[in-house]
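What follows is a single chain, given as C-alpha coordinates, in the form predicted on its own.
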Amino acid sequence: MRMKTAGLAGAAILVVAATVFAVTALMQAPPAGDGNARGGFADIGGPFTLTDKTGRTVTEADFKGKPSAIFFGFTFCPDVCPTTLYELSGAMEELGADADRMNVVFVSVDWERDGPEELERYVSAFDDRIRGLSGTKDEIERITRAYRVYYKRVPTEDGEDYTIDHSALVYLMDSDGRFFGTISYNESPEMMLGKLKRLIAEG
(Lines give C-alpha, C1' and ligand atoms only; values in the text may rest on other atoms or scores of the structure.)
Protein backbone atom coordinates (compact mmCIF):
# COMPACT_ATOMS: atom_id res chain seq x y z
CA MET A 1 0.00 0.00 0.00
CA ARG A 2 2.84 2.35 0.90
CA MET A 3 4.54 1.71 -2.44
CA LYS A 4 1.22 2.29 -4.26
CA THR A 5 0.69 5.52 -2.36
CA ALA A 6 4.20 6.64 -3.15
CA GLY A 7 3.68 5.76 -6.79
CA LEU A 8 0.48 7.75 -6.98
CA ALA A 9 2.17 10.67 -5.27
CA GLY A 10 5.00 10.49 -7.78
CA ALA A 11 2.54 10.39 -10.67
CA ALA A 12 0.70 13.37 -9.26
CA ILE A 13 3.96 15.30 -8.99
CA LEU A 14 4.80 14.47 -12.61
CA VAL A 15 1.38 15.64 -13.76
CA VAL A 16 1.68 18.88 -11.83
CA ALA A 17 5.21 19.43 -13.12
CA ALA A 18 4.20 18.72 -16.70
CA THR A 19 1.18 20.97 -16.44
CA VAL A 20 3.24 23.78 -14.93
CA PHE A 21 5.73 23.32 -17.75
CA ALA A 22 2.96 23.49 -20.36
CA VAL A 23 1.26 26.49 -18.81
CA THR A 24 4.61 28.26 -18.54
CA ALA A 25 5.28 27.51 -22.19
CA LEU A 26 1.88 28.90 -23.09
CA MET A 27 2.42 32.09 -21.14
CA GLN A 28 5.94 32.56 -22.47
CA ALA A 29 4.97 31.94 -26.05
CA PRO A 30 5.79 34.80 -28.38
CA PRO A 31 2.99 37.15 -29.40
CA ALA A 32 1.21 36.07 -32.53
CA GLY A 33 2.53 37.66 -35.64
CA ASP A 34 0.22 36.06 -38.14
CA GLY A 35 -3.11 36.59 -36.45
CA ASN A 36 -3.21 33.01 -35.23
CA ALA A 37 -4.08 33.93 -31.67
CA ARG A 38 -7.12 35.05 -29.72
CA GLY A 39 -7.19 38.05 -27.44
CA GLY A 40 -3.41 38.52 -27.59
CA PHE A 41 -2.84 35.10 -26.04
CA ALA A 42 -0.31 32.51 -27.09
CA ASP A 43 0.15 31.36 -30.66
CA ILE A 44 -0.88 27.72 -30.38
CA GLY A 45 -1.72 25.21 -33.09
CA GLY A 46 -0.92 24.94 -36.76
CA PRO A 47 -0.68 22.47 -39.62
CA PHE A 48 -0.47 18.76 -38.86
CA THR A 49 -0.96 15.39 -40.48
CA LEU A 50 -2.27 12.42 -38.48
CA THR A 51 -4.14 9.14 -39.07
CA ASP A 52 -7.65 8.19 -37.94
CA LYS A 53 -9.05 4.77 -37.02
CA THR A 54 -9.62 3.81 -40.66
CA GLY A 55 -6.10 4.71 -41.69
CA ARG A 56 -7.30 7.89 -43.38
CA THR A 57 -5.05 10.94 -43.27
CA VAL A 58 -6.42 13.78 -41.15
CA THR A 59 -5.14 17.36 -41.19
CA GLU A 60 -6.08 20.58 -39.44
CA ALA A 61 -8.35 21.37 -42.38
CA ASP A 62 -10.68 18.54 -41.34
CA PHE A 63 -11.50 20.35 -38.11
CA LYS A 64 -12.17 23.80 -39.48
CA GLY A 65 -15.77 24.93 -39.38
CA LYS A 66 -16.25 23.58 -35.86
CA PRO A 67 -14.42 24.43 -32.63
CA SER A 68 -12.26 21.66 -31.22
CA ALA A 69 -11.17 20.24 -27.87
CA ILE A 70 -7.86 18.39 -28.28
CA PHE A 71 -6.15 16.27 -25.65
CA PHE A 72 -2.73 14.63 -25.94
CA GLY A 73 -1.88 11.40 -24.12
CA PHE A 74 -1.38 7.68 -24.66
CA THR A 75 -3.41 4.51 -24.26
CA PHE A 76 -1.14 2.96 -21.61
CA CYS A 77 -1.67 5.99 -19.37
CA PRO A 78 -2.86 4.73 -15.98
CA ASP A 79 -4.81 7.71 -14.74
CA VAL A 80 -4.61 11.15 -16.37
CA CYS A 81 -5.82 10.14 -19.85
CA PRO A 82 -8.73 7.88 -18.84
CA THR A 83 -9.80 10.39 -16.21
CA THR A 84 -9.75 13.30 -18.67
CA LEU A 85 -11.57 11.38 -21.40
CA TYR A 86 -14.12 10.15 -18.87
CA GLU A 87 -14.77 13.71 -17.72
CA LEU A 88 -14.97 14.98 -21.30
CA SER A 89 -17.48 12.21 -22.04
CA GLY A 90 -19.58 13.32 -19.08
CA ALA A 91 -19.52 16.91 -20.29
CA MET A 92 -20.50 15.82 -23.79
CA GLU A 93 -23.43 13.89 -22.39
CA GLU A 94 -24.51 17.03 -20.56
CA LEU A 95 -24.18 19.03 -23.78
CA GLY A 96 -26.27 16.52 -25.71
CA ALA A 97 -26.71 17.44 -29.37
CA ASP A 98 -24.65 20.61 -28.84
CA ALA A 99 -21.57 18.38 -28.52
CA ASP A 100 -22.05 17.54 -32.20
CA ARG A 101 -21.12 21.15 -32.92
CA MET A 102 -17.49 20.60 -31.92
CA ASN A 103 -14.64 18.18 -32.55
CA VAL A 104 -13.30 16.25 -29.58
CA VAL A 105 -9.97 14.62 -30.32
CA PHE A 106 -7.53 12.41 -28.47
CA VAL A 107 -4.02 12.44 -30.00
CA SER A 108 -1.61 9.76 -28.87
CA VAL A 109 1.98 10.86 -28.34
CA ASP A 110 3.02 7.20 -28.10
CA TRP A 111 3.86 6.84 -31.76
CA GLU A 112 5.53 3.45 -31.18
CA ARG A 113 2.69 1.58 -29.45
CA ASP A 114 -0.50 3.43 -30.44
CA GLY A 115 -1.64 2.91 -34.01
CA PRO A 116 -5.16 3.34 -35.47
CA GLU A 117 -6.42 0.01 -34.10
CA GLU A 118 -5.15 0.68 -30.59
CA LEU A 119 -6.67 4.18 -30.61
CA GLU A 120 -10.00 2.85 -31.86
CA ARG A 121 -10.21 0.26 -29.08
CA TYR A 122 -9.21 2.82 -26.48
CA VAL A 123 -11.59 5.66 -27.37
CA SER A 124 -14.49 3.21 -27.82
CA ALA A 125 -14.67 3.11 -24.02
CA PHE A 126 -15.71 6.78 -23.97
CA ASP A 127 -18.21 9.00 -25.81
CA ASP A 128 -18.37 7.74 -29.38
CA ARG A 129 -17.94 11.29 -30.69
CA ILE A 130 -14.33 11.36 -29.44
CA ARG A 131 -11.91 10.69 -32.27
CA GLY A 132 -8.58 8.97 -31.69
CA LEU A 133 -5.66 10.02 -33.88
CA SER A 134 -2.18 8.55 -34.19
CA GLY A 135 0.91 9.41 -36.19
CA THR A 136 4.51 8.67 -36.94
CA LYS A 137 7.29 10.00 -34.75
CA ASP A 138 7.84 12.95 -37.08
CA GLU A 139 4.11 13.71 -37.25
CA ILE A 140 3.70 13.59 -33.48
CA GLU A 141 6.75 15.76 -32.92
CA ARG A 142 5.38 18.31 -35.39
CA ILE A 143 1.95 18.62 -33.78
CA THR A 144 3.30 18.63 -30.21
CA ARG A 145 5.65 21.46 -31.16
CA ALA A 146 2.77 23.37 -32.74
CA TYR A 147 0.60 22.95 -29.64
CA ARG A 148 3.55 23.34 -27.23
CA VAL A 149 2.78 19.98 -25.66
CA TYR A 150 5.33 18.56 -23.24
CA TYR A 151 5.91 14.81 -23.35
CA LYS A 152 8.83 12.62 -22.45
CA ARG A 153 9.42 8.88 -22.32
CA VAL A 154 10.32 7.64 -18.86
CA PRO A 155 11.76 4.10 -18.39
CA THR A 156 9.92 1.89 -15.93
CA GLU A 157 11.76 0.82 -12.78
CA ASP A 158 12.75 -2.54 -14.28
CA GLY A 159 14.07 -0.79 -17.38
CA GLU A 160 12.13 -3.14 -19.66
CA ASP A 161 9.38 -0.78 -20.65
CA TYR A 162 8.48 2.90 -20.57
CA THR A 163 5.72 5.22 -19.58
CA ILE A 164 5.21 8.78 -20.82
CA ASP A 165 5.22 11.91 -18.72
CA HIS A 166 3.03 14.46 -20.50
CA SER A 167 1.15 17.69 -20.06
CA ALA A 168 -2.48 17.30 -19.09
CA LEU A 169 -4.19 20.27 -20.71
CA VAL A 170 -7.17 20.06 -23.03
CA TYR A 171 -6.57 22.58 -25.81
CA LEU A 172 -9.61 24.49 -27.01
CA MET A 173 -9.42 25.78 -30.57
CA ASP A 174 -11.97 27.89 -32.41
CA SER A 175 -13.60 26.96 -35.70
CA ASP A 176 -10.74 28.58 -37.61
CA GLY A 177 -8.14 26.53 -35.75
CA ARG A 178 -7.02 29.42 -33.54
CA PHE A 179 -6.20 29.01 -29.88
CA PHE A 180 -9.22 29.66 -27.65
CA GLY A 181 -8.15 28.46 -24.19
CA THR A 182 -7.44 25.38 -22.11
CA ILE A 183 -9.02 23.06 -19.58
CA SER A 184 -6.63 22.03 -16.84
CA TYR A 185 -6.42 18.62 -15.22
CA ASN A 186 -8.74 18.29 -12.23
CA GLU A 187 -10.85 21.33 -13.11
CA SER A 188 -14.36 20.82 -11.77
CA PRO A 189 -16.96 19.26 -14.10
CA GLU A 190 -18.93 22.51 -13.87
CA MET A 191 -15.92 24.54 -14.99
CA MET A 192 -15.19 22.14 -17.86
CA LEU A 193 -18.80 22.21 -19.00
CA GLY A 194 -18.89 26.00 -18.85
CA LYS A 195 -15.74 26.30 -20.96
CA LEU A 196 -17.07 23.88 -23.56
CA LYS A 197 -20.37 25.76 -23.75
CA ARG A 198 -18.47 29.00 -24.31
CA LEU A 199 -16.30 27.32 -26.94
CA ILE A 200 -19.38 26.12 -28.81
CA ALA A 201 -21.13 29.49 -28.51
CA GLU A 202 -18.18 31.75 -29.34
CA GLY A 203 -15.65 29.51 -31.04
Partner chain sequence: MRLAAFLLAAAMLAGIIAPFVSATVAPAHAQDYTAGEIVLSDPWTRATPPGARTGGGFVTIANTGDTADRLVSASSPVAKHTEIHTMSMDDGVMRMRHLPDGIEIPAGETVALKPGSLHIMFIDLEQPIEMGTPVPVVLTFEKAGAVDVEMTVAPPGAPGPKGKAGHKAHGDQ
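Because the structure is predicted, anything quoted here is derived from the model rather than measured. Positions refer to the first chain, counted from 1.
Beyond the structure shown, there is the form predicted in complex with the partner chain, which is absent from this document and is the topic of what follows.
Taking non-hydrogen atoms only, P82 approaches the partner chain to within 4.5 angstroms in the predicted complex. Using a 4.5 Å cutoff between non-hydrogen atoms, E93 counts as a contact of the partner chain in the predicted complex. By the criterion of a heavy atom within 4.5 Å, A61 is excluded from the residues contacting the partner chain in the predicted complex. Residue contact with the partner chain in the predicted complex: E87 places a heavy atom within 4.5 Å of it.
Stretch 159-167 is the answer when you ask which of 172-180, 159-167, 51-59, 138-146 has residues with heavy atoms within 4.5 Å of the partner chain in the predicted complex. For the partner-free chain shown, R121, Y122, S124, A125, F126, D127 of 112-141 come within 4.5 angstroms of the partner chain in the predicted complex, judged by any non-hydrogen atom.
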